[in-house]
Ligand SMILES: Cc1cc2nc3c(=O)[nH]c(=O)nc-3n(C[C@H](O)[C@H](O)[C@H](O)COP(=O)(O)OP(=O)(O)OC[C@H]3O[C@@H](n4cnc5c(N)ncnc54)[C@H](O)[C@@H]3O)c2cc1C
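Take a look at this single chain in structure tokens; it is the form predicted alone.
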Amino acid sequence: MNRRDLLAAGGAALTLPALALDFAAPRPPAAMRVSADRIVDIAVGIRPFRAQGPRIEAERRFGKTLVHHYGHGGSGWSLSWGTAQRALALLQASGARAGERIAVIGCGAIGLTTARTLQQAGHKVRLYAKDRPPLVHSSAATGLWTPDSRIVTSAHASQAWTADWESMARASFKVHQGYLGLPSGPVEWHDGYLVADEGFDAPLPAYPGHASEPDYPDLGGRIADLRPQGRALGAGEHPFRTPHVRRFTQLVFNIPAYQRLLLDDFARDGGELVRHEFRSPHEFARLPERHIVNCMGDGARTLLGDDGMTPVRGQTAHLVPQPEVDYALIYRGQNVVALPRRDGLLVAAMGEHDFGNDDLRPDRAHSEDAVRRLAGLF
């Protein structure tokens, strides 16, 4: 589910059948140590949202084949591998030969996974980027597997589009599973807790800034089988100062480890990384490659003049790591998410005016307020 709908829906938890085994009761989870003085870093990134969904299409331009692959909203990391396979298919249909070198523009989540997908298909890849991790927008992502987060508006979610999205989400999920169990922990499963002050049936508070956002479709039910069902918890099964708690299980990306692994694999397989800032589409014509994949994310909004894109600001705060905290936490009604990432306890909060906002300046007061709200739960 996208983050807003996940907060709203209360996880749609179903009670699991009890196992007739004599296990000791699980220990309650460790309390998060959340206070403003434990914030060690704040990152801001822009989600590249397109009302029609990601742009994955090919065109002939400047005598070259240009495959566009951008506009994934808040689903970049989650959906990346599946959409990269669609970009690869367009290249192959345009006549890209095995062993031919392909240009990929952009070094964020979409650029890196596209480059690796092309390499795995037998292509040589040269990656052009102004910035590389951790200075790309996708470095500031929360790291939750949310393939339907701000991915399309309800008006554009036709039956055919939704079926195509489901296919890409399942393909991406399959690739993510191949990164489980590695020493750096780029992809991990974690239990999580959805908590609410007034119960999950209570209406969410109205936030003025959210009125400008479009309506998003509920796509989560189509891939509900890809993660375990959750259940409601009793008072003695959690450490929170609220009786309204549900437990769920969620895929989490440790983004710095994931980025480094992808970059290392890219270099190992002969990939080239060239620092270059594109200031005009005409610069595509000067690239030596015949086939180009444009994975610029929000950068395509200004470079290509794509008026169908809307920037959506996102801010995350890293607190001092707490290895004993191994669960995610979503605070319904307060729009706060906390994740047990290896690079620190990550706290993200939706802002009232994120939609349509491309301001990259960190707002420490916003993160400190989110941390204070979390602290009140323990």
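Residue numbers here begin at 1 and follow the sequence given. Keep in mind it's a predicted model, so treat the numbers as computed, not measured.
One more form of this protein exists, namely the form predicted together with the ligand; it is left out here, but the text below deals with it.
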| query | finding |
| --- | --- |
| Listed residue (C107, V195, V187, V152) with a non-hydrogen atom within 4.5 angstroms of the ligand in the model of the complex | C107 |
| Contact assignment for the ligand in the model of the complex, among R227, H276, K124, R260, heavy atom within 4.5 Å | H276 |
| Candidate stretches 215-223, 228-236, 131-139, 89-97 - the one whose heavy atoms come within 4.5 Å of the ligand in the model of the complex | 131-139 |
| T83, heavy atom within 4.5 angstroms of the ligand in the model of the complex | no |
| Proximity of L144 to the ligand in the model of the complex, heavy atoms at 4.5 Å | yes |
| Partner proximity in the model of the complex: G299 to the ligand, non-hydrogen atom cutoff 4.5 Å | yes |
| Close approach of R47 to the ligand in the model of the complex, 4.5 Å, heavy atom | yes |
| Non-hydrogen atom within 4.5 Å of the ligand in the model of the complex for each of H72, S78 and G314 | yes |
